[in-house]
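One chain comes next, on its own, written as structure tokens: the form predicted alone.
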Amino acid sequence: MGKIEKEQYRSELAKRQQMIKDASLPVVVVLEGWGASGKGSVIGSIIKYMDPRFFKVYNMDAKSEEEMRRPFLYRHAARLPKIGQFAIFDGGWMDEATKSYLGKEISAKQYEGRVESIRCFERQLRDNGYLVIKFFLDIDKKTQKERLDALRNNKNTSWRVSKEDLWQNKNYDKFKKVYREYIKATDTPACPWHEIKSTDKDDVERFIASTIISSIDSAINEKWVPEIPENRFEMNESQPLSTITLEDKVLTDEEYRAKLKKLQKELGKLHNKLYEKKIPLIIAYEGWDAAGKGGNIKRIASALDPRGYEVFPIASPTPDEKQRHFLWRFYNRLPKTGHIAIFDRTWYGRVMVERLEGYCSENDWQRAYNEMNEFERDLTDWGAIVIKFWVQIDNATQLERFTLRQNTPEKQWKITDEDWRNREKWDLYEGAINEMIAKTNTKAAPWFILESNDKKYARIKALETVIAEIKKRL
């Protein structure tokens, strides 16, 4: 590739930066391949004339201690770019999954689960507006060894050769077999693979540059229409909210105090066991406005070691969050192993408020049921306990509590005009909630209904449920 041709490709790439910005298209470029295949040097050539304000390069070789205590896809999802920007991964989820499998850190079954999670992750990215461009740089065993030896024999480059690179070359045939099977399993219309023999640096640079340019042009000119996947999850039976009995779910003050003290003490002990066994716990709260979520969360949290949990009140997404996949802000709030995350409102806003208020398209919220089931499956496969609460009250109880808040000065901050507007849509919300529970009440991450006309009853039931689910796991 001559100098003029290089300048031409680099100029075209710079133009595509402006084009993706104008089109609000986020682009993820993933370079996978053998050690010493030249990924780093190619990335350096590709980005040379790009505006550094609108791309970020990530070297994904080593996991931090913090990342090792998070789900498999966490560190990749956390680095997703905003709309109109590039994220370039030097190594990605393929490299991590295959090395973990070949290094016997995970079983064949776990590896199979990771490959399925990757397929779902890539499909979700494409369906939610991302362009994912995947490259695999291929070299033969002899060429790899020659390059590694040359790097090792130069004092200025010897640091670039890792034990993993040498191990990979020694076990080249095993790696090659796994790579071939992985590429075949993850080569999809949404996110196809682009493979090239990495023998000539100029050829590789030309191939990668031209592929990025053509992929961006196609993504801008040919609108991707996502399909709504069929439900493939094992489900629990669900009942409509209107059939749930609330009147007899009542505790006296004396019963409440006695049970509360005993259950909180038990939960505190179980929290220590979760930490010892490095089991993460995720508690997700949804419910009607004024149903008592805050008080319920308070009774759970006050039983826990404050060093080992965090409560996340989820409001409307920030401008930064709106520019990424809707699950991005929840990936970033996942707990470490042995810790607890409590969500006051959750990812289910996608199929309630975002659906009913028109903040996303029908295709978006129809797909979201499956996307959220996949997200929760990844969490449970990671080892997390996922508990989802719907806090249920009837229409009359909500009106009574709204009126009390409106008429009590110290509680007026809890009531807004939006609360009253949402109340007018009670029937629409109830229909959406019934559909949400029916389509996401999976065996792995079931919904639990907290009857909350009597808040004391709901608080005790929540504590009992959390304790029972932890004990089941332990």
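The first residue of the sequence shown is number 1, and the count goes up from there. Nothing here was measured: the structure is a model prediction, and the numbers come from that model.
Keep in mind that the form predicted in complex with a further copy of the same chain is not shown, yet the notes after this line are about it.
- Residues placing heavy atoms within 4.5 Å of a further copy of the same chain in the predicted complex fall in a single listed stretch, namely 290-298, out of 108-116, 216-224, 180-188, 290-298.
- Residue-level contacts in the predicted complex: of 164, 400, 202, 310, one residue has a heavy atom within 4.5 Å of a further copy of the same chain, and it is 310.
- Think of it this way: in the predicted complex, a further copy of the same chain has a heavy atom of just one of 437, 449, 415, 47 within 4.5 Å, and the residue is 47.
- In the predicted complex, a further copy of the same chain sits within 4.5 Å of a heavy atom of residue 43.
- In the predicted complex, residue 55 approaches a further copy of the same chain with a heavy atom inside 4.5 Å.
- Of the heavy atoms in residue 419, none are within 4.5 Å of a further copy of the same chain in the predicted complex.
- In the predicted complex, a further copy of the same chain lies within 4.5 Å of some heavy atom of residue 344.
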